[in-house]
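Below you will find one chain, with nothing else, as structure tokens; this is the form predicted alone, and questions on how it binds or moves follow later.
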Amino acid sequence: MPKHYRPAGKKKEGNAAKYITRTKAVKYLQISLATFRKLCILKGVFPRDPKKKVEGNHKTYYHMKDIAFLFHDPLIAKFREIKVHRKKVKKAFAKKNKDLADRLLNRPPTYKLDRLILERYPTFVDALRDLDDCLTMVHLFAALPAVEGERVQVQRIHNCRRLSHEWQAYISRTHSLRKTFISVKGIYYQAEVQGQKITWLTPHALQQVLTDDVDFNVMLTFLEFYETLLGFINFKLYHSINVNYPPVLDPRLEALASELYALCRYMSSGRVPGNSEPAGLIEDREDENNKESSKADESELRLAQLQHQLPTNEPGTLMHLVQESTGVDAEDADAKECRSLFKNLKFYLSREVPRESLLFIIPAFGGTVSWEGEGAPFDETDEDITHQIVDRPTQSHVFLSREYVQPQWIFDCVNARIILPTEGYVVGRVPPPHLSPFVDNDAEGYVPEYAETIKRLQAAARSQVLPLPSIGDEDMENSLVEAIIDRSESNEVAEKKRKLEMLEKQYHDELKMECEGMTFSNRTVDNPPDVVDKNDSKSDDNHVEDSHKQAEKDAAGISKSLMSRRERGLLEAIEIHHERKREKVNLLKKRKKNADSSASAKGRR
């Protein structure tokens, strides 16, 4: 009898029992392939990649537990009911029974995804962590043209636009935006909500065309789930800041396509859940004063409430609680910096700039903004305007009391967290390179020239180049003494290192003499120690460097020979990655050098 013989009817084991192909799963659930795909998207079931593919490598596999999980879901019954309803409508039209068809169309079976949201995201933080794709998809459909007869319903597009504006209004109101970047694909944003970093992409405000190479049925299924998810998240976030949801907007502003500004006005009016009438406008200065005055009282009250909960036999617990209570203030320091970036600045947007993006960014960093058109809070002739955002070379009216800058200046100021000089962003001039805040220049090995300029401006803005004002005379003397001690210690270390290098050089010279068959007496006669040739010293230095490199190479070769095959492969992959990174950095430096040389040549002409 073979070793792996299994009698007929015996229960399967291993991968054959754990995984099932997609064709068998569809037959097992007794649904169509489109319904199976939609059910998997809504329930969050995805294909698996087993180590041993029993049915072959060309098939898609699912976990048997996931299929059993789908088998008992109530959505399958709803989908079957919808399928039956469509057949009834089709049959009524075929029999030319218009009344029955109208009654059936007016009462279609519906379903809700509220249960799936709680099922897939048990806590609110889990939902925030999975919000990146949701926001990108909602903002993408919000930018599509709302035209009847297209593959996307107009109601879905309006709903996506409403959800995206509600999310942006919350981010702008709570000053949670951290990074922005303009790319070819669109505009990237990164916000921090309840300690979670959320990054999403919004398309440019251009005319979108629906192509035929995109499966809109799959995308609309994702959108159906994401709309429900974002609605729940907006509801939770709005109630966390004591604002009613859904918001009731000003119909005049809504008719003028100024939904985001209407939402900001609604949130600033202070509508509390359970209260139908506005509580009045709340000034920001009063809020800041109240927060600063009650900050110490809140921390003391929290420590007093938690004092009786401390176990008596655990040392250091009070210190942990103190660190947690002060950690909230440390986290709010970043929000405070963002809140006051554009403080006391007044912006006016011309009609050619991206209005929605700037209306979202400028209030998120503490600025006041208006635009050219109806429904604007103030006109272009306002004398308090400090900056006007324009993107055309000539202006009909020029006010000497304000500065005219390009839209990139706003994005660069947000990423640098300082007010950058406006000379490089004047209208008609090519602006500086727009650097991505999502790239770590130190890790990449190449720091652009403008990034170094921004670092110097940041250091000057934060007074890092000046002595600290809190240091007194005694502290200054102590710091000078510590600096002198550190300097003497570093000199001693450098002297020891130099002596070791001299001894190593002498040892290599003696080995070289021994190989050549020379004696020490002949060496001293031919080359007296008092006479030192500069060329010989340079050659000796090069020889020392070569010996160091050879020693490092030998040590790396020995360690590599002791590795296993897998570790050696990983090391080679890492070395290839570093080599590609060096080549990329060298290419960037070469391009920078060529650009500088061409610019200097044009300047000479």
Partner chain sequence: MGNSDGDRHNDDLSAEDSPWSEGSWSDDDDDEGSLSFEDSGDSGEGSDVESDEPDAAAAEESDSSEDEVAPRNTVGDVPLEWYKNEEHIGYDIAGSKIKKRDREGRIEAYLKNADDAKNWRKIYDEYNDEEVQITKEEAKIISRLLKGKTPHANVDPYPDYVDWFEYEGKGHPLSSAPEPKRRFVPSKWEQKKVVKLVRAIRKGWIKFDKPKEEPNFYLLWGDETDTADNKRQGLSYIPAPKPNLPGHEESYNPSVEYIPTQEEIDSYQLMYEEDRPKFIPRRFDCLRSVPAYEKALREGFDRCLDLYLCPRTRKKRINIDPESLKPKLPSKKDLRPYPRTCYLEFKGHNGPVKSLSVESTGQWIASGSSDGTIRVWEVETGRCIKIWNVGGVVHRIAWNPSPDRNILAAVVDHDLLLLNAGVGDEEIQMKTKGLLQIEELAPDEDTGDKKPAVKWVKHEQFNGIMLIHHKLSKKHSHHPFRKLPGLPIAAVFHPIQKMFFVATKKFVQVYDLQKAQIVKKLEPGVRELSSISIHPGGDNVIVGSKDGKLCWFDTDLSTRPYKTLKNHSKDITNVTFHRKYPLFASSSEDCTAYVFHGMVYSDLNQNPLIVPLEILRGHSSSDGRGVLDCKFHPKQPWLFTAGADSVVRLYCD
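Residue numbers count along the first chain shown, from 1. Here, rigid core means the biggest group of C-alpha atoms that superpose within 1.5 Å across both forms. What you are looking at is a predicted structure, and each value in this text was computed from that prediction instead of being measured.
There is another form of the same protein, the form predicted in complex with the partner chain; it is not shown, and what comes next is about it.
Contact with the partner chain in the model of the complex, defined as a heavy atom within 4.5 Å, holds for exactly one of N344, T381, Q153, S183, namely S183.
Of the residues F93, Y245, Y404, F399, just one reaches the partner chain in the model of the complex with a heavy atom at 4.5 Å or closer; this is Y245. Stretch 404-412 is the contacting one of 371-379, 404-412, 453-461, 71-79, since its residues have non-hydrogen atoms within 4.5 Å of the partner chain in the model of the complex.
When contacts are judged by a 4.5 Å heavy atom cut-off, L587 counts as touching the partner chain in the model of the complex. Taking the partner from elsewhere, V426 is found to have every heavy atom lying beyond 4.5 Å of the partner chain in the model of the complex. Contact annotation: T199 falls within 4.5 Å of the partner chain in the model of the complex, judged by heavy atom distances. Though the partner is left out of this view, E579 does not reach within 4.5 Å of the partner chain in the model of the complex, counting heavy atoms only. Contacts of stretch 206-226 with the partner chain in the model of the complex, defined by any heavy atom lying within 4.5 Å, are made by L206, Q207, Q208, V209, L210, T211, D213, V214, D215, F216, V218, M219, F222, Y226, listed in sequence order. Residue displacement note: K185 has its CA displaced by under 2 Å between the shown form and the other one (rigid core superposed). Here E352 does not count as shifted, since its C-alpha moves by less than 2 Å between the shown form and the other one after the core is aligned. With the core held fixed between the shown form and the other one, R115 has its Cα displaced by under 2 Å.
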